[in-house]
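The chain that follows stands alone, in the form predicted on its own, written as structure tokens.
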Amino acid sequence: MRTITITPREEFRISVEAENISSDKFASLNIEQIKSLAVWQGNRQKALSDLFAIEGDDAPATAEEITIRLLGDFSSVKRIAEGMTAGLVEVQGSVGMHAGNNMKGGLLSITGDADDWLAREMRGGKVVVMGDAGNYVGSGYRGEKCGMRGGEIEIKGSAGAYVGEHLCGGSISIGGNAGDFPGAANQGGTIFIGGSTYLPGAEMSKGAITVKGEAKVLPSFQKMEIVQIDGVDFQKYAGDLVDNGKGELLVGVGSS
């Protein structure tokens, strides 16, 4: 196994675009080559080592054999682990926008919080956030027909609005509350929300959304039977009927 540790040299007042922080990008490179990889801070291109201290094993390895440890505050660093197919990126802190964009494999683990657009259009792999996440978790970017297509996202805390917008596959689990319109235009993925939310599943055509806490349900959902999961009663709904949807929405009984 090969381990590489990255630490910010300072607190960033201007955000950093760092899509090169990825096991796939590091795999064939030695430490000096990794240090010379390009990042953008505002409108200025810099070397990775200009902004971060980098240490670790020098010998190249496969992406599957690489662990990247990010120590410190990365909340102003965007696009970490973008397009990753294998390996482990372990963030011991918080991350900026677009972390895990288009991931296809591997594990992105975040001990703090994640900003907006976490795991945008993810295809595979797993993302775990121990804290909270922002808006548009697992969603599609503007104009995209599909957001997340596969893989797994687990948020231990709460998340913002539009979780899983245009979801086409994969699963998203939120331990706490979610903001407005989770699963909007869901086309086949699954979302679990341990807390409360508002208007889940608007315009969904397929897929499933489970809300254990309170939820305001759109009138375009058809009320079905009561179902029990792990000893908990849920009211089942079908919809969104505005789009002739065949999605399944479950809301904790007495919460809707």
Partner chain sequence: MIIKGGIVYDPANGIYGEEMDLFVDQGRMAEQAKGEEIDARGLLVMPGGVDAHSHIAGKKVNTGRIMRPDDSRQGTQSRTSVCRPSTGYTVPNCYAMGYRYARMGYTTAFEAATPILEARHTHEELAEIPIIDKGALTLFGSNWQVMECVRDKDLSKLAAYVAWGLRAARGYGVKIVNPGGGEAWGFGGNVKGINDTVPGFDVTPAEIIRGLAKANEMLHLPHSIHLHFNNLGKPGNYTTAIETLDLLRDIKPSRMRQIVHVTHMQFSAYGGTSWRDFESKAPVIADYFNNHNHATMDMGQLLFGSATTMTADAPLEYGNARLTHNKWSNHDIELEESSGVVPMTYFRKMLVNAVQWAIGLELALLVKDPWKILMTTDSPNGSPFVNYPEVITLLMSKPKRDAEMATLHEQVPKRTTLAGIERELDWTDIAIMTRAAPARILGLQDKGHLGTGADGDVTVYNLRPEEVDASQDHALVKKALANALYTIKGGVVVSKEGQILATPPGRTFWVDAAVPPADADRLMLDLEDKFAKYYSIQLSNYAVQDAYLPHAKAIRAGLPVEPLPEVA
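Note that the coordinates shown come from a computational prediction; the quantities given were computed from them, not determined experimentally. Numbering follows the first chain given and starts at 1.
From this point on, the text means the form predicted in complex with its partner chain, which you will not see here.
The closest heavy atom approach of D233 to its partner chain in the predicted bound form falls outside 4.5 Å. In the predicted bound form, E121 approaches its partner chain with a heavy atom inside 4.5 Å. Its partner chain is not shown here, but in the predicted bound form it comes within 4.5 Å of a heavy atom of E144.
Between 151-159, 169-177, 135-143, 83-91, the stretch whose residues reach within 4.5 angstroms of its partner chain in the predicted bound form through a non-hydrogen atom is 135-143.
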